[in-house]
Structures are given as C-alpha cells and as structure tokens.
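One protein chain, two forms: both are listed below as structure tokens, the first as structure 1 and the second as structure 2.
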Structure 1
C-alpha cells in the first residue's frame, strides 16, 4: 500500500523495536538513510538498529561510530533505498518487511507499506520523514542525510539533481552537516589498494557497438592481486561514462561464488533501469544494476547483445 510522508511518520511514531534494513554492497544513500532514521527514532526514545548483509566500508564509519550495538527482538522492519528484496543479499527472506522508503521507480512494492518518491536520493525522502516526526535534526543526522544526497548525485553532478536537492543540501549544511569532510572522503580520497584495482579495471575496459558501449570487468583475481575487495568498487562504475562517445557504461563484478553483478551507467539516450530490468534488476534512468547467475564472460555477452537493442 502506498503512503505519503505524513502517514509514514505517523506509523513510525507508533512503533518500537524497529529494525532497519539496507541493501547489500551498501552505498552512501542506503547507509545515510538507515543511520539518519535510526538516530531520529532513538531520539524519540525508541529501540532501533541498522543492519546490512555485507561489511560496511570503513569510510562510512562516521555515520555510526558513536552508536552502541544492541540486541533486541524486532517488532517492526523498515527497508530503506531497497527497490527489490534480492538487493538485500543474504538478508533476503529472513524478515517480514513492514515498510519501505525508496526512490526507485522500479520498486516491486514488496513491503506492506511503501513511501516512494522519484527524487535523486532516498535520503531526500527520509529528510522529510524526520522533519514530519518532529525530531530535532542535529549535526550527526544532517551528516548522514547529506552523505546520501551527495553520493547518489555524484557530488551534485548528475542530471537527476534538482533545485529541491540543492535546497535540501543547503538546509542540511545549515543544520551542521560536515559537507567538506564528507565530499573529500567520498570523492577525493582513494586507498592504495583501490588505486591498484582502478588501474587493472581500466586496463580491462573493452568497447562494443561502435564504441558506444564500454564494459569494465572486475574479477576475483584482481582483488587478490591488489589487496582490494568489492567494498572498494563503488567509485569504478562511473568511470565508464567518462569516455567520449560512450552511451552505455557497464561494470561487471565477479562474486566469490562465480556469479556476478553488473552496474549500468547511461546518459539520457538510454534508460539504464529498463536495460537492467531485462535481467531482473532495476534502478534509475541513468544508474541501475542487475545480477547474473552465471560467469563474467556469459554475462558480458548477454549485456552486449541487449545493449544493441537499446541503442538507436
């Protein structure tokens, strides 16, 4: 059932022992949503926690470093920035999801209640929910929300960024969001292991469909050679869109079990969400993802064939 911001806030205010689910291979938006909402609910005196199927990258530790882990029996489960249940990774099927707060047009409406708005970042919606809850937004909450805004808009560079997004970011900075530090950590700081992985990733780039499609392949062997891991691949996907003439950029990441996941980046000429949907995935018009129960080579062949259908 679809709900609005006011209804969402009213429902959350009536609940306690709330567990917040974030999507696997976490990014700044899902984590920013989760910990901002968790902090707000804790301010209301509620028991609350955020969980993820994967290890959270160290660069996000400022979102939760002062939150003590607690164990409790959840009575209400909320998913944030999760378009489909399979994006929960190993958490899929473990919980009945009462509510979802999301911004993906491809959301499958798996939760009992869905707050959905087509905005650049889910944190933009959570910001409105927290205000509707009447919670005093401190610098910690503001920094969580700002993290989602800046990461899902590519530091406000993507065409999806709206005037409302800029206004929300300005308001969060006024509320104490540490925008300088966050932008530096998210966009300007690279580990040595990531730098080595990026070099191998760029070397793997191949072009198809008259060089209108660029595909990067990241294998388990690359992780072993560089000392890196999947947590550090978030910044690689946008690299494919930076090549002149490329309309579809794809990064295929090999999983430890031999399957893989593809991150798709496009410009306005191709709808990334519709392309990902062809393989059971989804996302946004210019940024989407899908999974493959096969190896990298087979996944690449399938993607190239389908890209040809999307390019006119």
Structure 2
C-alpha cells in the first residue's frame, strides 16, 4: 500500500526495535538513507540498526563509525533504496518487510507499505521523513543525507538532478553536512589498484567507425598485474563515452571462466538497450549490458560489426 511522507513518519514514530535493510553491494544513497534514518530514530529513543548483505566499502566509514553495534530482536523492518527483494542479496527472504522507502519507479511493491517518489536520490525522501518525524537534524544526519544526494547524482552533475535536489543540498550544508570532505572522498580519490587498472584500461582503448565507437578491453591478466578486481571496473565504463565525438562507448570485461561481459554507454543518438538486445542483453537507453560466451577479442569483433548499424 502506498503511503506519503507524513503517514510514513507517523508509522515509524509508533514502532520500536526497527531493523533497516539496505541493498546488497551498498552505495552512498542506500547507506546514507539507512544511517540517517537510524540516527534519527535513535534520537527519538528507539532501538535501531542497519544491516546489509555485503561488506561496506571503507570510504563510507564516517556514516556510522560512532554507532555502537547492538543486538535486538526486530519488531519492524524497513528497506531503503531497495527496488526489488533480490537486491537484498543474501538477506532476501530472511525478513518480512513492513515498509520500504524508495525512489525507483520500478519498485515491485514488495513491502506492506511503500513510500515512493521518483526523485534523483532516495536520501531526498528520507530527508523529508526525518523532518516530518520532528527530529533535530544534526551534522552527522546531514552528512549521511548529503552523501546520498551527491553520490546518486554524480555530484549534482547528471541531467536528472532537479532544483529540489540542489535545495535539499543547500539545507543539508546549513545543517552541517561536510560537503567538501564527502565530495573529495567520493569523487577525487582513486585506490592505487584502481589507478593502475584505469591506466591499462585506457591503454587498451581502440576506436572504430571514424572514432565514433570506443572500446576498452579489460582482461583477467590486467587484474593480476594491477592487484585490482572486477568490483573496481564500475568507474571504467563511463570513460569511453567521455571522448569527444564518441557516440558508443563499450567496456568488455573478461570473466575468470574466459567468457565476457560488455557494458555499453551511449548518448541520445544511439539506444544502448537495443544494441545490447542484439546480443541477448538489455538495460536503459543510454546504459546497457550483454554477455558473450566467447573471449574478449571475438566479442569485440561482434560488437564492432553491429555498431555501424546503430550510428546514424
């Protein structure tokens, strides 16, 4: 059942022993939501904790380093920024989910109560909920919420970022969010292993179709050479599309079994999902992916052969 911000706050105010679930492979938005809400509920005197299926990357330490771990039997479960139950990873099916706060229009309405708003970051909704709870927002809550806003909008860069998102950021800075430090950690820091991998990835970039197509190839050997791993390849895919004149940017990653996966990035002129579909994949109009049972070189040849048809 759909609820609004006021109803959501009223329901939370009546509960205690609240367990908050974030999605697996947690990012800044789901963690920002989780720990901001947890801090707010704790300020109201409630027992509360945040859990998720995977390890939290170190850079998010500041979101929760002062929250002491606590054991309790939950009586209410809230999922934040989780569009479908399978995104809970290994936590899927372990809990009855009473409430969900989310910003994905694709939310499958798996929770008893759903607060959904199609805004750029789920933290924008949680900010409204915490205001409705009447909690005094301190600098730590503000930093959690700001983290979600900035990470889900690429530091307020994406076209989807609205005036409302900027206003929420302004309020959070006034409430003490440490915007400078957060943005430095999120957007200006590369691990050494990632930096090495990025270098090899850029070296592997090849151009086709009058340089309108750029393809990066990442092999298992590159992971060994750099000490990096597949998780660090996420930031590589956008690099292809950044080159002036490139309309289709593809990153092909070799799996440990020798097969591979391609991430496709395009601009408005080319539908990435349609190109991925040619190889049994799918996704969004400007970001899509597909798998290949062959090796990277063969996959590259197949993709290059198709790209021409998609360029106007």
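If you're wondering where the values come from, they're calculated on a predicted model, not measured in any experiment. Positions refer to the first chain, counted from 1. Only residues modelled in both forms are compared. Rigid core: the largest C-alpha set superposing within 1.5 Å between the two forms.
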**Fill in**
Check against labels, form predicted on its own ends up as structure 1
**Asked** Which one of 190, 238, 163, 96 sits right at the hinge when the rigid parts move between structure 1 and structure 2?
**Response** 190
**Item:** Whole-degree angle by which the smaller rigid part turns once the larger is superposed between structure 1 and structure 2
**Value:** 25
**Fill in**
Core-superposed CA shift of residue 222 between structure 1 and structure 2, in Å, is 5.7
**Fill in**
Rigid core fixed, the Cα of residue 298 shifts between structure 1 and structure 2, in Å, by 12.6
**Message:** So if I superpose on the core and keep residues found in both forms, which blocks of at least 3 in a row have all their CA atoms moved by 2 Å or more between structure 1 and structure 2?
**Reply:** 196 to 312
